[in-house]
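In the form predicted alone, a lone chain appears below as structure tokens.
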Amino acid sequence: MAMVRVRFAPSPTGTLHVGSARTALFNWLFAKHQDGTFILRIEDTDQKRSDKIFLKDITSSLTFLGIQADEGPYFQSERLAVYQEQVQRLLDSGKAVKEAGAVVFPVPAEEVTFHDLLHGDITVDTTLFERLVLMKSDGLPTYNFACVVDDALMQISHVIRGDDHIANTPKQVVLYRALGFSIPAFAHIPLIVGADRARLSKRQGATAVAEYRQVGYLSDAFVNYLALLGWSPGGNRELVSREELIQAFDLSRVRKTAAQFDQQKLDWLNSQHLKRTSVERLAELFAERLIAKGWLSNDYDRDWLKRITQLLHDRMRVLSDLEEENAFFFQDIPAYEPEAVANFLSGEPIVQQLIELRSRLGLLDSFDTTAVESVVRGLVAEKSLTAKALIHPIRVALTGRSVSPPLFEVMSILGKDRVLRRLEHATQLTAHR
């Protein structure tokens, strides 16, 4: 069997889009499954629009996804001599001609048929494209010409790309034949669409991989989700590890219809992968985010952060839930939600109860969860209150929010000094309302 060689060939004219990332992933999984070679080629001949910032985004996004090239990156901008040599062959044989400083390939009128591994045989009449520009007057190759030369000379066995490229394939087949190159196998995978069945666009939210990384989707979860967009491992499996994906990947299981991006499914998968992540690893991921935000110093208390991680482990959808819903752990005084304050921190009885609670908590030697709970429940019983009548105001006083992880554990993690300081602040806030 011939060696499998595939390539991912982005152009650095924008960030790495979810659709392109899935194309890269399918190529990579196919190569890994077949013990083949995955090549990264940067198609940067559009010098006006190419930008190093986009190149950096593409490479860092691929690194985040764990997609590593076996060869490359190769840059088309560094291969101009190769294209000139190949175009000269066509000029010498009379198959191409010079026109106004450009090199043009007049296409013979015929029907071109190529086989697609997903869509079967596709036949196109070449009168739809009577001439192909190979080299522009500025000396740079066109997309179709550079693509054919590179795929042939890099010995690409399978071209796996989005089905928006189907229109380019007959043009490329014509050029393969003219140059005497063997034609690779083609597989055009359906595009990804949004909830409205239109092509996935920024209008429907994030489309760049970097944005999902920033929000805090795990690499394994995002790869798991991307793989399920238009492909299935079989057996109704959804939670699939990277190793299982490699083992199961087969182009015959790629669906022919467009794949719909489902944000809820991505969130569910990410929450499942978070649950599978060890507390130690999750705490490291949290620390990276918190240090970057300036909420945590480099010499942070690792055991303390692990306690927070343990508490949130099964409650999270994405890593940014830590900053967005649990910021109170890292603030001196929490940011109070006006609605929570209005609902639970008003009236003289509340002020008195919080003062009394502060006084009793201040007497504790140990501030563990059991000791804290015992004080709160003792006060509830003594004042003949319902538990929620005191617990809701305490929660708002300490977290600024009406919803939080289990309160007594939160109190123990915050620690005695911080709890007393916040209760003091909340009583003043309530007394002045």
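Keep in mind it's a predicted model, so treat the numbers as computed, not measured. We number the residues from 1 along the sequence you see.
There is also a form predicted in complex with a small molecule; it is not shown, and the following applies to it.
Novice: Which one, 224 to 232, 102 to 110, 143 to 151, 321 to 329, holds residues whose non-hydrogen atoms are within 4.5 Å of the small molecule in the predicted complex?
Specialist: This holds for exactly one stretch, 143 to 151.
Novice: The small molecule isn't shown here, but in the predicted complex which of 165, 119, 302, 313 has a heavy atom within 4.5 Å of it?
Specialist: The option sitting close enough to the partner is 165.
Novice: Find the only residue in 358, 213, 273, 161 having a heavy atom within 4.5 Å of the small molecule in the predicted complex.
Specialist: Only one option qualifies, and that one is 161.
Novice: The small molecule is absent from this chain, but in the predicted complex, do 32, 36 and 71 each have a non-hydrogen atom within 4.5 Å of it?
Specialist: Heavy-atom distance to the small molecule in the predicted complex: none of the three under 4.5 Å.
Novice: Taking heavy atoms only, is residue 57 within 4.5 angstroms of the small molecule in the predicted complex?
Specialist: Answer no; every heavy atom of residue 57 is more than 4.5 Å from the small molecule in the predicted complex.
Novice: Quick one: does residue 15 come within 4.5 Å of the small molecule in the predicted complex, counting heavy atoms only?
Specialist: Looking in the predicted complex, residue contacts with the small molecule do not include residue 15, since no heavy atom lies within 4.5 Å.
Novice: Taking any heavy atom pair closer than or equal to 4.5 Å as contact, tell me whether residue 412 reaches the small molecule in the predicted complex.
Specialist: Residue-level check for residue 412: no, no contact with the small molecule.
Novice: Should residue 9 be classed as touching the small molecule in the predicted complex when contacts are defined as heavy atoms within 4.5 Å?
Specialist: Looking in the predicted complex, residue contacts with the small molecule include residue 9, since a heavy atom lies within 4.5 Å.
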